[in-house]
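Two forms of a single protein chain come next, each set out by itself as structure tokens; they are called structure 1 and structure 2.
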Structure 1
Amino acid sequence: MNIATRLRSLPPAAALTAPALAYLSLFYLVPLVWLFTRSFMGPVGPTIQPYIDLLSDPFTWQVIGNTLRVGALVTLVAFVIGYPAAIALSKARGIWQIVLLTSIILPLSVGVVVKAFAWQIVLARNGLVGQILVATGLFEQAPQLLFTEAGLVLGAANVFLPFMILPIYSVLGLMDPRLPEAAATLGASPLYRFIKVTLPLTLPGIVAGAAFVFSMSISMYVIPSLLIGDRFQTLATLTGRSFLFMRNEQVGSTTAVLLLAISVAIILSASSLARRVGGVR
């Protein structure tokens, strides 16, 4: 069957998908493919020279290392706080449920510039976190947090935390609450129940949440600008600055393609992983 007959055999309603698909193809897919192919075009013909130049520079590897390390740390912090929070949310009722949901959704709808700016205040030397650390007696003097990697990870984990909690909460909502109970009646200990029932059932949510948080934290731009400054570069900040300040579009395009490649790899591996862990059910 050729394409024309196949198209004709579709119900007419299928044509309604055309405008959105055409729009995204023209203003999203084609430009991305364009960026990708152009990054392999030299002045005289196809070339991988920009990539060789970039990847033979130890600075690039440091930048890639920064990007992946910060992404992994932010994801880890978000998971450690987010998983128990999602469990508590799924069990909460009444006023507690509303408090939890509000504290997740409200920050989600407040802009990243607002939140990054707030973290500048919170992390400042005599800011809230410093004061708390001194009050607990752990530190004699407020530690430097602003313009450090710890401060960046803390601020970013805060901004992206809802994206970890919500997917896990969604799968917990789909889970039959009688399953852990059934395991309990069959004599499973709480720990065994958690490892054998709850954890596998929430894995698709964990994978989705981790993929969201990781892909957002490797591509953040505003948060590092305000919380750590110019000395610390990630692929995203290097890309942005190459275009906006250094006017070096060659380097910017190449790092943008690297960032794109990493993001696509995350999306693809997360979706195949989600399919595999989802299939365990």
Structure 2
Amino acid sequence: MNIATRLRSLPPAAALTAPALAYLSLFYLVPLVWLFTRSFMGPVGPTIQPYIDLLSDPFTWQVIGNTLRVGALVTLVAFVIGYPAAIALSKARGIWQIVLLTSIILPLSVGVVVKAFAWQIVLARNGLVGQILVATGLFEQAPQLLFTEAGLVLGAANVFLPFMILPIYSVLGLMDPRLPEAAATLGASPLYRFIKVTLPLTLPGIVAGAAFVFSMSISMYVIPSLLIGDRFQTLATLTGRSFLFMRNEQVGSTTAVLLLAISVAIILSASSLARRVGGVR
């Protein structure tokens, strides 16, 4: 029986997903299994010693702390900027909604490397951010932002901002607009309506956006390499350095598995939280 005959004999849903499953199995699952297996392989066979050695090193915990702190800050900045933008996008109509949606989606077509180099120019001492801070009187001289953690957070939040806006916008689109109006007829103030009506109903979108941005922030490699350099290490950059420069597959695969475990835990926690706040059972 050839492949075409086998596919025709499968249920429609299985036949439609078979090419995607085959692709993911070959180009995602197999390398992942190799990476996982390699992290447990020692000179004389399977062992957990690489994890013991890695987790007993204080530098590893500093790297894990850097990873989680940058991920949390990038998520917070993306939420503070993205939530009002999602509300504006949901309230816009006609050509203005198209313009806003295009301005949010179009940057996704630009490569991360190009964006990171652009942020190197923006964050330089004579760059746009420094000039704005001096012009507003907050600083007498332009502060050092490039190759700092603050610059990394600003640049990464800009790159990942659409992934925070779009999930919140999709939830706002499903919300019944008569609910805030009903609360207003009962005398609720705008702030009370936002806290008691809009914010709770958009929590599933916030959780989904936060999970997207956080998981991508902790696994970014190019952005920290260009905006802060090698003196600030995260799990992703340490994994890259282990494979590319130190040629140490043992350390690289072990840190990669740690990063994968953190990402999976975040996704599962976000999924559970989204079901809970969304009332899905």
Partner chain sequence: MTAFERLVTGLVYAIAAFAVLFMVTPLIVTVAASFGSASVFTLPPPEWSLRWYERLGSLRGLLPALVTSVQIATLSTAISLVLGTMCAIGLTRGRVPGSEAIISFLISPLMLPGLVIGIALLQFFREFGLRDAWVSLLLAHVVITLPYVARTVIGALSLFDFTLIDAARTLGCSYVGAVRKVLIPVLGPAFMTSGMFAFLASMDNYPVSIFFSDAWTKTLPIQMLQYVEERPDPTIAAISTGLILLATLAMIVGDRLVGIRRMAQF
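If you superpose the two forms and keep the largest set of C-alpha atoms that fall within 1.5 Å, you have the rigid core. Each residue is numbered by where it sits in the sequence of structure 1, with counting from 1. Just so we're clear, the structure is a prediction, and the values are computed from it rather than from any experiment.
Worksheet entry | Form selected (criterion: the form predicted alone) | Only structure 2 fits here, because that chain is the form predicted alone.
Discussion item. Once both forms sit on the same rigid core, is the C-alpha displacement of F59 at or above 2 Å between structures 1 and 2?
Written reply: No.
Discussion item. Tell me whether A265 is among the residues that move between structures 1 and 2 (Cα shift of 2 angstroms or more, core superposed).
Written reply: Result for A265: no, shift under 2 Å.
Discussion item. Rigid core superposed, CA of S189 - does it shift 2 Å or more between structures 1 and 2?
Written reply: Yes, its C-alpha moves 2 Å or more.
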